[in-house]
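Below you'll find only one chain, the form predicted on its own, shown as structure tokens.
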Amino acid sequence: MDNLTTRQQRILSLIIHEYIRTAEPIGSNRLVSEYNLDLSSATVRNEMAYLTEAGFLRQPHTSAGRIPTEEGYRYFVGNLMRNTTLSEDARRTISHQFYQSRNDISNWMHLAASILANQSKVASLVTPPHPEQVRFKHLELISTHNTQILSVLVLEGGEIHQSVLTMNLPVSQEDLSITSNRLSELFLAKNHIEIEKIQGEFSELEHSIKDWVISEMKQTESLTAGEVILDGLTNVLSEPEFVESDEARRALKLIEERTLLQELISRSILKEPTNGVQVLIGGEGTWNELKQMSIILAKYGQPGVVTGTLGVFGPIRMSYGHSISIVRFLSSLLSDFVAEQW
């Protein structure tokens, strides 16, 4: 499939560029006239027929032109797309916006999501920086009702977990305060593996709280996505694919609910992406709900210490070159800010 001639590569690239621009099937006559090709329409038709047979193009209707397949887009992104960079003016403007917000991490996230959506003309996602190794900071236990306890776990970096636990017997607030102070001292700055190894006599209450703390820390460490900030959904809803397809709109609804998105980020960003950016086209055979969408992701932060994820998503027919360049630039910019903070 990769052994395309230079002419076939050029025709495939032009069809993809034209389809991204117009969202309409591309015929041979239109391609010849639009790009002043020094080829006859018959020659272009023959090459388009070969590209269709090879799985890079498809014909939605018998009398229609061709449109790219998922494999066509993958070949384009992997082999034909030129490296693009943001203009110096755009880079300077974006850097200045972040410099003004350098002391407010939460504002970075929303600003990054807004810039990604505006620059790419599709939708964006950003997760806050997340410690790659979760460590304990503080524990608070509060008596709420009869045998119920509100447990509040604070992790290094400020992440907070709360849960209502039910004990076998009522526990006084005084005993809860003594327990939380003792466990906080024992667990301070430790990861879940180190906490599990702590030996000593623990009461039934302390055992229950210890197990809960370990469970929360394990879960937090496994969730590389965490909170997901979205922007630019209206950009995607206005695209023809989402106006005309109920299936595409359902996919967008799933993304808005964030659960699918968190799973996708957690599973895919663990793979080492090429040049710092990973492109997922059509769900990559894993997420069938996203077969009409593409997602571009990148990590940012300090590997091994604290990292987050950012990216854009929209119809498969998106401007990959420009979208990848803005994702890569913001990933680098946020990594610098994270390095300063941590």
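Only the largest set of C-alpha atoms that superpose within 1.5 Å between the two forms is called the rigid core. The first residue of the shown sequence is 1; numbering continues from there. Because the structure is predicted, anything quoted here is derived from the model rather than measured.
As for the form predicted together with another copy of the chain, it is not shown, yet the points below apply to it.
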query	finding
Heavy atom of G200 within 4.5 Å of another copy of the chain in the predicted bound form	no
Residue contact check: H145 to another copy of the chain in the predicted bound form, 4.5 Å heavy atom	yes
Partner contact for S87 in the predicted bound form: another copy of the chain, 4.5 angstroms, heavy atom	no
Any non-hydrogen atom of P131 within 4.5 angstroms of another copy of the chain in the predicted bound form	no
Segment assignment from 202-210, 162-170, 89-97, 75-83: heavy atom within 4.5 Å of another copy of the chain in the predicted bound form	162-170
Residue among K190, H110, R182, K218 with a heavy atom within 4.5 Å of another copy of the chain in the predicted bound form	H110
In the predicted bound form, the one of L260, L186, I178, V154 near another copy of the chain [non-hydrogen atom within 4.5 angstroms]	V154
Contact set, 27-43 vs another copy of the chain in the predicted bound form - heavy atom within 4.5 angstroms	none
Flag for S143, CA shift 2 Å or larger between the shown form and the other one after aligning core	yes
D211 C-alpha moves between the shown form and the other one by 2 Å or more, core aligned	yes
Did S177 shift 2 Å or more between the shown form and the other one, C-alpha, core superposed	yes
